[in-house]
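This document opens with one chain alone, in structure tokens, the form predicted on its own.
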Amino acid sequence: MKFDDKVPIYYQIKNQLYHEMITGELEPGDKLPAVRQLAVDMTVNVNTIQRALGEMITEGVIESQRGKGNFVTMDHERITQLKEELITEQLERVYQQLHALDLSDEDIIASLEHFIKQRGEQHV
């Protein structure tokens, strides 16, 4: 996994695992790899993985079962909520950046519609 130096690594790991949950690569009830295995796979320190997983447990996205490991929550509603949170977070970031370029809401909407139309034409 390639990391962005501007964003904390544990946060990027959380987002990667969120993405896997939202896309169904990790399904509700799936067991996550062991902490040490995740650290090896992602070439990061074990403590970094533990921080990411600890926050995810606090958020209710994964559940820790003593002696068995960490599992994706069975709460489908929580995963749907997570998806909505991530979408809102991304939209907020883009919205702020575009407003910083002095675009009005109408300009942002028009630009987004134009972008989507162009993307659609590229994928035809």
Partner chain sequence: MSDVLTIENLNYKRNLKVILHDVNLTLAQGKIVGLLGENGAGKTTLMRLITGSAKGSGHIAVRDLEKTVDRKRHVSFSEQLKGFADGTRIDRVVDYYRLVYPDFDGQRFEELVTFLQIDTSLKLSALSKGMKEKVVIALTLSRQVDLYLLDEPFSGIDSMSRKRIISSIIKWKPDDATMVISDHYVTEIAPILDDVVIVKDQTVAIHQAADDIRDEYGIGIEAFYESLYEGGVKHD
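Positions refer to the first chain, counted from 1. Everything numeric here is computed off the predicted structure, so don't read it as measured data.
From this point on, the text means the form predicted in complex with its partner chain, which you will not see here.
- This chain lacks the partner; the member of Ser64, Thr88, Asn45, Gln97 within 4.5 angstroms of its partner chain in the predicted complex by a non-hydrogen atom is Asn45.
- With the partner omitted here, the residue from Ala39, Leu82, Leu53, Leu32 that has a non-hydrogen atom within 4.5 angstroms of its partner chain in the predicted complex is Ala39.
- Residues of just one listed stretch (22-30, 88-96, 67-75, 45-53) have heavy atoms within 4.5 Å of its partner chain in the predicted complex: 45-53.
- Although the partner is absent here, Ile108 lies well away from its partner chain in the predicted complex, with no heavy atom inside 4.5 Å.
- Although the partner is absent here, Glu121 sits far enough away that none of its heavy atoms falls within 4.5 Å of its partner chain in the predicted complex.
- Of the heavy atoms in Tyr10, some are within 4.5 Å of its partner chain in the predicted complex.
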